[in-house]
Ligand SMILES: NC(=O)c1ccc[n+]([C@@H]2O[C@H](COP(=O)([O-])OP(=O)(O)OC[C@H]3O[C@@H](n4cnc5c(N)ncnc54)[C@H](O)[C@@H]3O)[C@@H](O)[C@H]2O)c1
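Just one chain is shown here, as structure tokens, and it is the form predicted alone.
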Amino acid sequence: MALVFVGFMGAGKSSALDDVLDTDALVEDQLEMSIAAFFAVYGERRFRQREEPVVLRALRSGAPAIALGGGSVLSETVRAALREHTVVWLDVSDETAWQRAAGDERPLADDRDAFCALHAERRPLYASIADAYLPEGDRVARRAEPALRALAAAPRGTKLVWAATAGGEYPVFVGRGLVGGLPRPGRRAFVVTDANVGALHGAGLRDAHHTITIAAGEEHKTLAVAETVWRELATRGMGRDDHLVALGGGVVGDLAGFCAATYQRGVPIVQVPTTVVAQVDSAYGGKTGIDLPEAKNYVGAYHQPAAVITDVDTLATLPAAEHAAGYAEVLKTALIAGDDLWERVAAGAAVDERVVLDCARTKIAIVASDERDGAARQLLNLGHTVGHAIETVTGYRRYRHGEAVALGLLAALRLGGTDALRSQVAQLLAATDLPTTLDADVDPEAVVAATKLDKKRVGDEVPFVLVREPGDVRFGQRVPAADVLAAVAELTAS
């Protein structure tokens, strides 16, 4: 099984690793002329006919790493042969690809508009055949190589997304049967889980040195519980050459991540999310924290994980209400992403490996461009300004996080003036047994007052994330307080 690098012109496939077998070079040897010259004389159709057998021989050669020409995957026969290998898509921006390919005698790189249109046409094809998704970056494949080799040994169907931020890089594995297959970023694994998840999945962590079990529920994401974890780690002798494992949903991930960020000024953490909310959203991006009675996630730190192991099998043990609560984050992400993800979710797609993977890829790409909420990452707050306020006002006990976000999404869609889309989202929420109305005894004015404690406020302004249409979402939007009150009051009135 080879690591086979695919991607557009200029993606850097032939230099991804040392000793990569370059099929373009093999094709030129076979043609006894340059690819550009052959294109000029015989055209692309004839070239693809000559290219295909060369690529197939390379895939049977036993070479450990192979780089394919950008268009070779157009062949169904080649795509079928790739199923026996680990396919690594090296993504690249239009700008970088054009800078590298233009003027290099590449036959399809003589017109920039046509070049970019061809890239846009091929990207879904690369995504559909990839086992691993690597972003643009200098020597990124070399840094990811251990994870790529681990992917080759993982259960069939496992996917790898390489997450890269200014604060660190890490692999994200998405698949089934992965809980016990943890990477080892440290000498010993210390596990933090909650009572519910530990009973269901704790036995899968066979290499755990010590497990700390906390009570389940958002109300336990507190400084007092964090101190309990810190002190037990210290008592058990955890050192900086060990690592923490967060086995659970968003509460465990946030709390354990915060403990990892602060214990001995920082130890590695592996996130093993077991809820829909965590698998599609909270496990990625390095946000950690605990709640205060005054506001949610008010104390925390950015601490990128050493790895994320997303085992979709764990969702089978979720209570129906918890599974439904996570669907709000799926909807949120699909609204931000637009395009194919939104179309599938809007059509009622189940939360399966593909949806989880695409949600994870969406969030990872946004965080890569803005790790610390300076700009684009604020998009991920869609529905959360009002949602967090509802959680705060109700003491973190009445609504699950996803249930509060569902209500926050409806408020945000009303504020954005997208009435038809709001109606569509309300129907999707109701079909998943998520709330579309706020309990009558919840005071809308108290909710609006709580939004003013939002962590992203600037002075007295609380910026909102608003949707114009799926895929066109804007952050930093100013909304009059009276409009916010009307949108929240509408939730109660309905």
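Everything numeric in this text was worked out from a predicted model, so none of it was measured. The first residue of the shown sequence is 1; numbering continues from there.
Not on display, but discussed next: the form predicted in complex with this ligand.
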query: Is Thr96 one of the residues lying within 4.5 Å of this ligand in the predicted bound form, judged by heavy atom distances?
result: no
query: Should Thr275 be counted as a contact of this ligand in the predicted bound form, where contact means heavy atoms within 4.5 Å?
result: yes
- prompt: Would Arg79 show up as a contact with this ligand in the predicted bound form if we use heavy atoms at 4.5 Å?
  reply: no
task: Using the partner position in the predicted bound form, report whether Thr314 sits within 4.5 Å of this ligand, counting heavy atoms only.
output: yes
- line: Picking from Ser282, Thr362, Thr158, Thr86, the single residue whose non-hydrogen atoms come within 4.5 angstroms of this ligand in the predicted bound form is Ser282
statement: Heavy atom within 4.5 Å of this ligand in the predicted bound form, from candidates Val191, Ala164, Leu379, Val197, belongs to Val197
message: Based on heavy atom distances of 4.5 Å or less, which listed stretch (144 to 152, 289 to 297, 169 to 177, 227 to 235) is in contact with this ligand in the predicted bound form?
response: 289 to 297
query: Would you say all of Gly69, Asp91 and Ala120 touch this ligand in the predicted bound form, counting a heavy atom within 4.5 Å as a touch?
result: no
statement: Restricting to 245 to 262, the residues within 4.5 Å of this ligand in the predicted bound form through any heavy atom are Gly249, Gly250, Val251, Val252, Asp254
